[in-house]
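Before any questions on binding or motion, here is one chain by itself as structure tokens, the form predicted alone.
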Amino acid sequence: MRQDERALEMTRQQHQTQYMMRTRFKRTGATSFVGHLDLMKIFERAARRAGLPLLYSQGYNPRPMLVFALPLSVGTDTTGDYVDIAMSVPVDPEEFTEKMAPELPEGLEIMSARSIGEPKKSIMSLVTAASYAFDAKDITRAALEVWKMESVEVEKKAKGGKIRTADIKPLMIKILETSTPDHLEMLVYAGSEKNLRPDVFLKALTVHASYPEDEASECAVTRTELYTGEYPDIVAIDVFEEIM
């Protein structure tokens, strides 16, 4: 079952009280090359082995109710991503973290967890922006060159495999860090409505700023945070429920 199908199924089934654990995690090293579906399975198996009181979907194929905020591209590290894990009874966040930690593989780590009760919206629908760090030779120069352009058109695959040209400049919100030539931090639109993938941004650098393709392909990309709200009034997903 795909991520969007699972979220939809959770809204269709007979109501079950959810005690949601909003879990912030990071992944580095070899685990960054794990696909999204396999990442879901890793969390499911870890939670089962930890003996946590998971809440399961109803129907012919019950599965633990986990929803990730925004799927990660293969090869992308993260220091600030989220998964909501539904419990059938309340669980102390510290106990949750202590039980999950030894069941996760090396490179995958829970940074924090907090109980948010029963959410009004799926965490997937909250995401509107993301921040990324790019580490590669001379990437700051290329990014600043592209940033100054009024339009940044890039060819990319659309649904069905068709190639279309899109202007990604409206998806680039703000350059956050340019103090060194080989490290760039950037805020972009992300989520179901507007989304700029790091690989598309890197492709734009090769097309419009003569950035070497080999440098772009070797660029280390890290997603550092996910946000909700309308820019400039955005907040990190981690604190969103607290200020509602």
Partner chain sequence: MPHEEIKLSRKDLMSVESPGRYVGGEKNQIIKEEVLQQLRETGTCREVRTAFCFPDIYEIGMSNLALQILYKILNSVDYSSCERVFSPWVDMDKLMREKGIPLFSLETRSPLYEFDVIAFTLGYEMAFTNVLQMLDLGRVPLRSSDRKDDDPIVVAGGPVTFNIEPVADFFDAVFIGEGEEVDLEFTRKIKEYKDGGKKGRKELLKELSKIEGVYVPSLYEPQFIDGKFAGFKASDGCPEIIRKRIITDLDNVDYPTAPVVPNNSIIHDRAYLELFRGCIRGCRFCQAGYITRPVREKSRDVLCSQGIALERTTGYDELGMLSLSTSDYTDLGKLTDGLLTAFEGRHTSLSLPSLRIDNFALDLMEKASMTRKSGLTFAPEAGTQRLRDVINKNITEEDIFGALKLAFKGGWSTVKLYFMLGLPTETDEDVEGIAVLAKKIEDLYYDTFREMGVKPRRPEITVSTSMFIPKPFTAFQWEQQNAKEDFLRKQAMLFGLIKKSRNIRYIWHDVDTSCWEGVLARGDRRLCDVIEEGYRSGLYFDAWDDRFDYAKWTSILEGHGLSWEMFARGYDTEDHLPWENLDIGVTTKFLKLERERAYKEQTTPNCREKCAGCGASCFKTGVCYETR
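Numbering follows the first chain given and starts at 1. The structure presented is a predicted model; accordingly, all values stated were derived computationally and were not measured.
The form predicted together with the partner chain exists for this protein as well; it is not shown, and the discussion that follows is about that form.
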Check: With the partner chain left out of view, which of Gly75, Pro93, Pro170, Gly117 would have a heavy atom within 4.5 Å of it in the predicted bound form?
Finding: Gly75
Check: Of the options Thr31, Thr206, Asn195, Thr178, which one has a non-hydrogen atom that comes within 4.5 Å of the partner chain in the predicted bound form?
Finding: Thr31
Item checked: Contact label in the predicted bound form: Arg45 to the partner chain, heavy atom within 4.5 Å -> yes
Note to self: So in the predicted bound form, is the partner chain close enough to Arg49 to count as touching (4.5 Å, heavy atoms)?
What the structure shows: yes
Note to self: Taking any heavy atom pair closer than or equal to 4.5 Å as contact, tell me whether Gly161 reaches the partner chain in the predicted bound form.
What the structure shows: no
Check: Hey, in the predicted bound form, is Asp38 touching the partner chain, heavy atoms inside 4.5 Å?
Finding: yes
Check: Among 95-103, 141-149, 170-178, 79-87, which stretch sits within 4.5 Å of the partner chain in the predicted bound form, heavy atoms only?
Finding: 95-103
Checklist line | Residues of 204-220 having any heavy atom within 4.5 Å of the partner chain in the predicted bound form, listed in sequence order | finding: Asp214, Ser217, Glu218, Cys219, Ala220
